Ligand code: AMP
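Take a look at this one chain, the form predicted alone, written out in structure tokens.
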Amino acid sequence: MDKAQAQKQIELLREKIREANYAYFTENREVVPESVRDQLKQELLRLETKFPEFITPDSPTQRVGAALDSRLPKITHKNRKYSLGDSFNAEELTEFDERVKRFLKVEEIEYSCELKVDGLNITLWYENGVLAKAITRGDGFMGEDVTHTIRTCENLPITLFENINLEVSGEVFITKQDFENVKNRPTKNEANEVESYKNARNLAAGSVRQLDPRMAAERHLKIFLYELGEHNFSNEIKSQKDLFNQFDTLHLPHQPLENFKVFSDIQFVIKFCEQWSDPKAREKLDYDIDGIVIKVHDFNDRKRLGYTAKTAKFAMAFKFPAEEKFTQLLDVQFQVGRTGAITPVAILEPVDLAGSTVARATLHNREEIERKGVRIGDQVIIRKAGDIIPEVLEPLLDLRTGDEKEIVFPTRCPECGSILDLNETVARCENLDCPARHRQSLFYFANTLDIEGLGPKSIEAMLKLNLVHTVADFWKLKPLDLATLPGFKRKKIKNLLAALEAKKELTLAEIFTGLGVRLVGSENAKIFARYFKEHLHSPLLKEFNTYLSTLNPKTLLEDFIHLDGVGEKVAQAMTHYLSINSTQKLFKNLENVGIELVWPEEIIANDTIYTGKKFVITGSFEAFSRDEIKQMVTRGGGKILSAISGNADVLICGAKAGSKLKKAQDLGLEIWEEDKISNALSTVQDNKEPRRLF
């Protein structure tokens, strides 16, 4: 990047940060996520460090907070308010520790660690033991007078037990539960306003700035104090722990001491930060936190360390791994899935996100690209939730340079060249022989069956050497075949062959799920497996293949449609899949390589009132859930249907049966009520010699 490009980028970043800061600090809303705002500041700081000639006094890197809200009175702080430097990993915390020790010329130092409450910074002035003023941080020099709303904080004393003058600072927040309550039950006057708040922090900040304190009171504001300013205490306070003890004496609120720790080694500090980085650890808190504040524990050492132009040298904020960040979209590739679905994948400038480096993200489909207006070259916000592939949320339009290019969605399959079906939201390659679909189906099968050692790279290498063509070929692999693959030594070969041997016994549901039939997930796979279990005399794959070769697709479709829990489209997809020659050939190959079917073991009674009958369930029941009734019927040898038809034998009828009852009566079906189910349950329980299916 040359100087002209750097200057342009710096100006774009400053404008975006100013907009984001004003929205966040003054209007209590977010134009970008806080993690992205932090990242924008870091990028601006990096560029200004590299090109210091472009630093200006009004740069966001040289200031604290944002412009003040003109509605509220302004008050000058007694002491300037400083920011905290941010750290995002263990290396940066270690560097902080080294700087502190180097400056103080010590080998050891104690650090206090506090949870960083995600709220609004407030400074309080007590005069003669009475709360006189509450002031926002503002621009660090001057803040807004919000005494009228801070007085509503439920855990804050208005009058202290001691007649003292005191300046303290802390964080105002709203608990998670109170935030949900306000969102779910806003009053008529505040409904539109509450809708604009994305999180509890924004709602707390907006509530503090309300002109009417009654509205703030309804939102149950709370405050945790952590910083001491001017005071006339008679006793000496030497550390953060001493300060919290003094707060307890005055009944001033601070965060629970079980979450406050003091360590004499930075490695323990790092471990503490890592523990709280886990979202599950934060779930137990009733308030939001966005990091850990690490401070030199001793107040005298803090005085010696002092401040930079903006930040405290004795403190550092460790920020949790962000779920959202921005980066540049470099290109778009179109990926073909096992069902032929075409997924646009964003190729990104690598960025650390939620603990891992992300270089790819999904753009979902053509409609999403058009809706979001994303272009190649854009700076985009990406999100990662859990372990799923990251997604592109939106472009940062203010950072466009004019060099961005429109994303052109293909009309032909990028792998096999077939014309794509563009009639649905998801474009699809319908070519069953498409190499990409074939490759992805092998990946999916190995992953679903969790075959250790059979990952995408290994399968790619097998395909290149023509060692596998279908999933059945995995069990044909020999030691000499595997020895030709990159990275396969004796131990790895032995382990993979052992893993494949261990998977030679499979349930039909596992096979159906692994084959990845379109629209058929794991639960539907179980339903279809139970259907075949009821129609076969044994679990032998040979018998299943014989049944498959003689099936009538029309009859099979009708049976599938009446299976409880199976929709018409799913039934059609499964019928089509089982009817085609390639599927029947695949199951024959699975039989030839020694795959054996096993049924999940299930115990049923010898003969019950359910045996051999087909049931439909309707209405509600007092003593049983519908799932319990289904279980009793199937264990008793009966079959559950989803709809009334001439195939059904019995309608099990509860209260509020509806139209199914009349239809069953018209067809002359048996009608069973709840008392008959109770008697049937006794019959099953009294049966002393249950039999096993297969």
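A residue's number is simply how far along the shown sequence it sits, counting from 1. Fair warning: this is a prediction, and the values are worked out from it, not measured in the lab.
Just so you know, the form predicted in complex with the named molecule exists too; it's not on screen, but the next bit is about it.
Only one of 293, 381, 467, 252 lies close to the named molecule in the predicted complex, with a heavy atom inside 4.5 Å, and it is 293. For the options 86, 95, 127, 230, the residue carrying a heavy atom within 4.5 angstroms of the named molecule in the predicted complex is 86. Here the chain stands alone, but in the predicted complex its contact with the named molecule, taken as any heavy atom within 4.5 Å, falls in 115-123 among 115-123, 543-551, 573-581, 326-334. Contact annotation: residue 133 falls outside 4.5 Å of the named molecule in the predicted complex, judged by heavy atom distances.
Within this chain, residue 366 is remote from the site of the named molecule in the predicted complex, having no heavy atom within 4.5 Å.
For residue 226, a non-hydrogen atom is located within 4.5 Å of the named molecule in the predicted complex, even though that partner is not displayed. The closest heavy atom approach of residue 319 to the named molecule in the predicted complex falls within 4.5 Å.
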